[in-house]
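This document contains two forms of one protein chain, each encoded as C-alpha cells and listed individually as structure 1 and structure 2.
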Structure 1
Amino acid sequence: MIRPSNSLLARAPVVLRRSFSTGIPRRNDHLPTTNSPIITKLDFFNSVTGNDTQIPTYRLLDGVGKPLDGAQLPEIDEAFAHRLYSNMQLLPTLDNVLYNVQRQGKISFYMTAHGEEATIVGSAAALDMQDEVLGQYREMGVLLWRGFTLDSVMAQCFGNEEDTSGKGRQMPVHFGSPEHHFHTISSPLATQIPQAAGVAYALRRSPTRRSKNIAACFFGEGAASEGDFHAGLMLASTIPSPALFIARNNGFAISTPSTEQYNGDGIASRGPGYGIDTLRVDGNDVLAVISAIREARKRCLEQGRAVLVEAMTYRVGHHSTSDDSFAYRARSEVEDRKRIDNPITRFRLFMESRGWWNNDAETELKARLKADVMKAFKRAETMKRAELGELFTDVYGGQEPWNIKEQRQELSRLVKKYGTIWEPWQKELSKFRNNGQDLMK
C-alpha cells in the first residue's frame, strides 16, 4: 500500500539520480511523487486482483450448511448458535407481521430484510455491543441482537407514546437508540457513510473508547453510488479512523439491478482505490460473515484505520412497501433464490448436522416468535401518541426560541377554544396522551 508521507522520504535519492541520468530510466525507477514502477509496455488494467479475475468471495459453509474443505469455522457453541438462529428467524416473523400491518393501512411504510438475515445478524453478532452502528434502514436485526425489545420496535413503527427512537416523528423503521449505540436512521441515502468517519474520529479522540470501539456503517450497493460513499471512504482513509464499512450487496437498488449500478467489480473493488483493507464475503453464510466482521473489526482497532467488507446477498423481499419488485424481476427468480440460497436454511442445516437443532425445536421457536410478535403488535396498536405539545419540543436544544413558543401558544389557544366543545377535535385529541390536556393548561 502506498503511504505518501514516508514513501517520499524513502525515494529522495532515487529522484536525484533520475534527474541527472541521461539514459533510459531503469525498470525499478520511480516518478518523484509515487512508488509506481516505471515500465515501457502499454499495460492498461481493469482488475484489482492483477490477473483479470474477479475479487474472490470468502465462504465457510456450502449451500447445504456443510463446511468447505479447509474452512476455519469461528468458535461458536450451541447456545450461541441458538441465539444466532432465533435472531435470524425473528426477522422474517416480524417482517411478515409488519408488512401485513402496513398493507392494512395501520402504518404508513415498512421495509423487510428477507434474504439478508445472515448479513445483518452475523454482523451484529461479530461486533462489540458498544460499537457505534450507523445503519441505512434495513438493519433492525442489529438492534434486536442488542436487546432492543419488540415493544420498542412496534412503538417506533406505530409512532406511539412509547417510541423511544423519536417520539413518533420518523417514518417506520427509522430506529435510533443511544442506549444500544445505534445512531438514528436518516432517510437521505448514504449520509451515514461520511458521518461514520466522524463517529470513528470521535471514538479515537475519546480516552475511554479509543482502541475499544469502532464505528460500523451499513449501506447498500445502491447507496455506494452516492457521492457520500466516495467522500466517506476517502476521509476515513486520509483522516485515519476505526470505521468499518459494511456494504450489503443485495442485488437491487429499489428496481435497479446491481448489474446496472456499476460496471466494475462490485463495491469491494473500490476499497483499494481508497487505500482501505477490503474483503468480499458470502453474505448468506452467517459463519463467514461473523469471521469476516470479527477480523475486520480487529484490523480497524489495531491499525486505527477503515476497513471495507462487501457482503454478497440477495434481497428476497420488495425494496419497501412502496415497491412491487415483480414488475422488474421474475417471481421464479425470487423463488429460486429462496430455495437454493437461503441463509436461514443453510445455518439450520449446519446446526442439524451438529445435533444442535431438530424439527421440534423449529416448530417451538417459530410458534414462540410469532406469539411474541403478535403480543407486541396488539399492545402497540391501541396505544396513544405522545403528548400533543411534543410537536414543538426538540427543534432546538437549550433555550427555546420565540418562534417555537409562539406556535405552541397558537395551538394551545385553539385547543382551549375548541378542544372541549367541538366533536371532531375532541375525537382527534383523544388519540394523544393526556388528550391534549398539556396544551390546555
Structure 2
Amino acid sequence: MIRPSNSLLARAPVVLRRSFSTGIPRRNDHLPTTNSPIITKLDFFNSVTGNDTQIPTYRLLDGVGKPLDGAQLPEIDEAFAHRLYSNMQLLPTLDNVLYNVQRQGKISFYMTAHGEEATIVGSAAALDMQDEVLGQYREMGVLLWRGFTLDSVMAQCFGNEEDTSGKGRQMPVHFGSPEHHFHTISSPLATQIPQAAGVAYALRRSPTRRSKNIAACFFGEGAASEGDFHAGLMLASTIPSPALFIARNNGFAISTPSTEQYNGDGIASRGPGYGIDTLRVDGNDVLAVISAIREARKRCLEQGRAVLVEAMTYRVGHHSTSDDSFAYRARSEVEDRKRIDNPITRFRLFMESRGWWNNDAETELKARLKADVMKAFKRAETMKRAELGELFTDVYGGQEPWNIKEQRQELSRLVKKYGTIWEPWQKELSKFRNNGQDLMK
C-alpha cells in the first residue's frame, strides 16, 4: 500500500480524511469545516433555532389592539391610519359583492381575501410604489393601494371592453397593470416565484433602478410545496438579487390544512437553508406587517439579496367560488377566528384607543364603500366586451405567427356562416363591441 510521506501529512489541511477503501487521505472540499464545529455525538436537529423551540412570530398589537410591552410601533399618523383601515375594509366589501355576483352567474369565478386584509394592505403600504409586484390570487389590495380603480377591478372581473389586464381573455381576479408595476397574475401555481427572482436580477442590473427598487413576490404556503418555490429561492440566493418573498400562510391550500402540507416549522424554516434572511410575522397585525416588510425591503436593497417573510394568518373565506370550505373544516372554527383574531377589528380597536375612530366614522365608511362598489358594479355589467378580433391580438410579440392567422380565419368563417342566422350565436355576438362585425368583413 502506498502511503503519503510525513511531509505531505504535515502540510495536509484538516479537511483531509482517510478513504475507507485505501486509508489514503483525500480532500473533501465540500465539507464546511471552517464554519461547522466537529462533534462526536449524534445530534439530529429539526429546527433552525438549534433546539426544540419554534421560530418566533413578530407581533406589535395584541388581539384587542393594544401595543405589547416593549413594542416599537411604526410611525404613522391619523391620516395614514385612516387610509390603511379604509383599504382593509374595502376588500371584504368588494369580496361580498363579487362573490354574490358570481353566484348570480354574472361572472365566472371569484376568489376572496377574507381574513388576510392586514397581510395584503400592510405589505402594500410598506413597499415603494415603483417596486415590482408579482402576486398570486389574493393581492388585489396591493393594486387598490396603488390607485387601481374600482372600475378597473370590475372591468377585469367582467372582462368588458375596459379590461386593460387581458382584454377579457383571462379569468376574474387575474389582474395586471404595468402602470402600477403589477405583473399579470397567472393561473398555474407558483410560476411567479422564479419569475420574481428574474425580475429582481433585472432590477439589480438596471442602472436607473439598482438599489432603488425590489421585486416583491406573494404566494400561499400551498404554493411553497411546488418545485418553483425552491427554484426561485435558489436562483435569488445563488445569484443574489433584491427579491422579497412574502408567504401568506393562511392555513389551507384549498382543502389541505397546513398540518398536512409540511412536517417542518412552517415556510420560514426553509429560508436559512438558502442563506436568505427570514422573518415570521403575525399576518393579522397590520402594524407588525408594515414594520416587517419595511425592514425586509431595506435589507433587500442594502444587501442586494433576497429576504423571506412568512405572514401567519387565516383564510376566513372559502378558497374560491368553486369551493365549500365547510366540507373540510367546522363552521364554528371559522366563526371563532372571525370573532377572536379579526385583523380589521384589531386595527380598529387600536385606532379607537388613539381617538382616531368611532362608531359614526365606521358607519359612514361602510356606507360609502358599499355605494362606491355598487356603482362600479352596475356600470361594469352594462358594458360590452372588447371586439371579438381582440381574441387574437397581443398573444405574441413581433410578426403574427401562422397559427394565430389560421385561428382567426377559422373563427371568421364560422361567424360569417352562423352569426347572422343562428339565434344563440346572434345573442352571444351582441355582447361584443360591434357585434362581431370586425370578423365578418
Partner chain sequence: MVSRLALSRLAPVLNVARSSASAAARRNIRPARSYATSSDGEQHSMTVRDALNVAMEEEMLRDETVFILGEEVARYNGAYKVTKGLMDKFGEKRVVDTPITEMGFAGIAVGAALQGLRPICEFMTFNFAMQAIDQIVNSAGKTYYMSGGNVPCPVVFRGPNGAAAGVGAQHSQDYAAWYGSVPGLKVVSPWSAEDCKGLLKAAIRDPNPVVFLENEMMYGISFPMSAEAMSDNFLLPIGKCKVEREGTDVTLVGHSKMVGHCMEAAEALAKEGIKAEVINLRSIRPLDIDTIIKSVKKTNRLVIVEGGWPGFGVGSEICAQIVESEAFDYLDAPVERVTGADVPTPYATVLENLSFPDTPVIVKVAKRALYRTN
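Superpose the two forms; the largest set of C-alphas matching within 1.5 Å is the rigid core. Quick caveat: nothing in here was measured; it's all calculated off a predicted structure. Residues are numbered by position in structure 1's sequence, first residue being 1.
- Here the chain coming from the form predicted together with its partner chain is structure 1, while structure 2 comes from the other form.
- Annotation: rigid-body hinge motion between the two structures, rotation of the minor part against the major part equal to 15 degrees.
- Core-superposed comparison between the two structures: residue 419 shows a Cα shift of 4.5 Å.
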